[in-house]
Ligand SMILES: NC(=O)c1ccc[n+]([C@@H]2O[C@H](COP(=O)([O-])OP(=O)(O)OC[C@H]3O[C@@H](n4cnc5c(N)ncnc54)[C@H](OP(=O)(O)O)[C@@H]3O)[C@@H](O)[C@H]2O)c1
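The chain that follows stands alone, in the form predicted on its own, written as structure tokens.
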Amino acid sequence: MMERKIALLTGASKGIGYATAEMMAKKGYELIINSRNTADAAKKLREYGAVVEGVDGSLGDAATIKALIAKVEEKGQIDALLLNHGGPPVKPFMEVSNAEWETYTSIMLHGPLRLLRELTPIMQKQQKCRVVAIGSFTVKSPRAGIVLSNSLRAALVNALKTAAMELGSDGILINTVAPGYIATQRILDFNQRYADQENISKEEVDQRTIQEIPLKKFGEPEDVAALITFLLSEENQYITGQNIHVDGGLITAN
């Protein structure tokens, strides 16, 4: 009989988060998924025969965190935790309001860390869990015009590195994955915003972006999800505290 495995995946309704959920479902995990609207993703995942429960809401909302913890407590265990969320607005430093700083700090930093912190006693009791957060290559190589992403993702990476050092003896392995230019709605939005700012076509921005990448193409969500799925599984026995890039050689080339 296959051992029961439970994965909690936030930001799992589309893009890299959904691709990861699909791979975890195929590996036999029972899934708790979170996003602002999980219905469509949950329906598709059940087509793979997965047991899926959805919790709608933002990671910046304390009620969402409470509901996610309650689901884990109902299951009685957690074997894998993906920390992900929608990205912040594409805005330069001087255009970001105080309210936006507070909102996205809550969603991108406080929420993920609170969820991990409050689930840690369960993980410690089990003496095992795998945790991955999705970040960005801009943590190492910031880009102009996306100050919220640059700064808040960097803070999360360092908080999770600290947690990895402190919790490793409890069998809790924690890593972040840093995607490069992946063909998701997020990248389309980025490039459209840059095109609008420069009064050029989005296609010109796309081609300029591709020329930065040694592999000369955008990545696909599945390229990142494959690594995340490995890191979240018990196949990963000795990788923790890392920020691993999946970027087609972008950072190495700089």
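Heads up: residue numbers just count along the shown sequence, starting at 1. Given the structure is predicted, the values throughout are model-derived calculations rather than measurements.
Keep in mind the form predicted in complex with the named molecule is missing from the figure; the text below concerns it.
Colleague: Could you tell me if all three of N34, S58 and I107 have a heavy atom no more than 4.5 Å from the named molecule in the predicted complex?
Modeller: Yes, the whole trio is in contact, each within 4.5 Å by some heavy atom.
Colleague: Heavy atoms within 4.5 Å of the named molecule in the predicted complex: which of the stretches 160-168, 84-92, 119-127, 70-78 has them?
Modeller: So the stretch in question is 84-92.
Colleague: Considering non-hydrogen atoms and a 4.5 Å limit, does the named molecule approach G180 in the predicted complex?
Modeller: Although the named molecule is absent here, G180 would touch it in the predicted complex, with heavy atoms inside 4.5 Å.
Colleague: Check N243 for me: does it contact the named molecule in the predicted complex (non-hydrogen atoms, 4.5 angstroms)?
Modeller: No, no contact at 4.5 Å.
Colleague: Taking the named molecule as it sits in the predicted complex, is M24 near enough to touch it, meaning that at least one heavy atom pair lies within 4.5 angstroms?
Modeller: Close contact is absent here: in the predicted complex, M24 is far from the named molecule, nothing within 4.5 Å, heavy atoms only.
Colleague: Report whether the minimum heavy atom distance between V205 and the named molecule in the predicted complex is within 4.5 Å.
Modeller: The answer is no: V205 has no heavy atom within 4.5 Å of the named molecule.
Colleague: Residue by residue through 138-168, tell me which have a non-hydrogen atom within 4.5 angstroms of the named molecule in the predicted complex.
Modeller: Only a single residue, R153, comes within 4.5 Å of the partner.
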